[in-house]
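Presented below, as structure tokens, is a lone chain in the form predicted on its own.
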């Protein structure tokens, strides 16, 4: 194919899965289940997710996907398209097509694929004039150049990034007021000729143990006061940096087969609390420093939040489509697809899915130039999508539980089809339109979505993906263009 031939004539910024896995075998300090992990690519509970992501990275090289997932830059390097700065509405749509393709590989259940953070890094690099406002440390222009250099490093080496934004809460009222506790929050404790020394903790780094680098950006609730200067920074460092360690939660990949645990055996993207024990961050890796007033607007002013929401909307569309397909498969297998009540339940999920699709379409079709001369999707439809989905997904789970009922628990294991009771399993677990093994496989998939620890983590993840729903709704209210609508009411009352 022409696209594949083109690949052979260019330098590759995109990595293979093998290269990605080899890069994880370093000195990273990962703790899980009370023990230090020697090699994340061999550790039960982590390795299968790493292997899944490796297959995704390999897909970038496949003739079927290469033209939709990658682009050739001015240097002749083929890089992931999420790194490309969009210069037209067509570029924005191309990004959406790439996001959606990535999302379909996991049906939306691998939330932290690299394109999410690629979009963030691209956004900051495309808005360096915002970073140039800084006047502390090495100066704003130096920080902006650091960001541009890092962007080129990440995209030309196809780095897999995680990020952390949130400081641990020691005192809720203190955090509500935009203050952080020196006892636990990540903070600068010293400056040296080589860089800054940071100490404290951050949470929650999704995919942290399996990333190449961690992006540590400012909290968006930091008050612009002098006493918050030690907490104001943005930087990125390798996971194997000395003094950096990650404490993982329990793994939901329990070692079951793909049949017994279709999702958790493949897509268990570990979350971890990140501890910085007097970590040196080199000056050239710092993008913002010492200016709290730049922290709150950083993601908004660079339009990073818009590009990240674009990726997330594509992910949620793939996930919602999967939920519709799963529910329809379940009711067709038992012949319940003619029941009015059942069809009504699934229709509600279909309507949610089409709402996300319409909002995504609206955002892409109304893409426009931003203040930096680049193109971005229209923000309001994406804001609407990200405010609705934390309510939509739990409702989808509830409907799936209603449809599945006790069948979500009546799920023998794969081994039961090849032991001395296999005849019983073959006879008593069949459905009108589905053999017993296919029926059990289908409901084990539904169990992994709606009942398992993996599924419960997904539901919690969706509720708080972008932050507390009340805070997101309040922000939505503040952003919404209300003045013209209020004027219409005033004018009507004056008639």
Ligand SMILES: Cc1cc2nc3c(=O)[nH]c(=O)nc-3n(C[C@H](O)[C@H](O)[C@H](O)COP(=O)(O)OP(=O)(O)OC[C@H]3O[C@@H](n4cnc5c(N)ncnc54)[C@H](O)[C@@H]3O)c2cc1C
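Note that this is a predicted model, so its numbers are computed, not measured. Positions refer to the first chain, counted from 1.
Separately, the form predicted together with this ligand exists; it is not shown, and the next lines address it.
Engineer: Residue-level contact is defined here as any heavy atom of the residue lying within 4.5 Å of this ligand in the predicted complex; does residue 279 satisfy this criterion?
Structural biologist: No, residue 279 is distant from the partner.
Engineer: Is it the case that residue 271, even though its partner is missing from this view, gets within 4.5 Å of this ligand in the predicted complex, heavy atoms only?
Structural biologist: Output for residue 271 is yes: heavy atoms within 4.5 Å of this ligand.
Engineer: Under a 4.5 Å heavy atom criterion, is residue 164 part of the interface with this ligand in the predicted complex?
Structural biologist: Yes, residue 164 lies within 4.5 Å of this ligand in the predicted complex.
Engineer: So in the predicted complex, does residue 185 come within 4.5 Å of this ligand, heavy atom to heavy atom?
Structural biologist: The answer is no: residue 185 has no heavy atom within 4.5 Å of this ligand.
Engineer: Work out which of the listed stretches, 446-454, 422-430, 463-471, 66-74, brings a heavy atom within 4.5 angstroms of this ligand in the predicted complex.
Structural biologist: Single hit among the candidates: 463-471.
Engineer: Just one of 78, 266, 159, 112 has a heavy atom within 4.5 angstroms of this ligand in the predicted complex, so which one?
Structural biologist: By the 4.5 Å criterion, the partner-contacting residue is 112.
Engineer: Tell me, which of 203, 333, 148, 229 has a heavy atom within 4.5 angstroms of this ligand in the predicted complex?
Structural biologist: Here the answer is residue option 203.
Engineer: Could you run down 46-68 and flag each residue that has a heavy atom within 4.5 Å of this ligand in the predicted complex?
Structural biologist: Residues within 4.5 Å: none.
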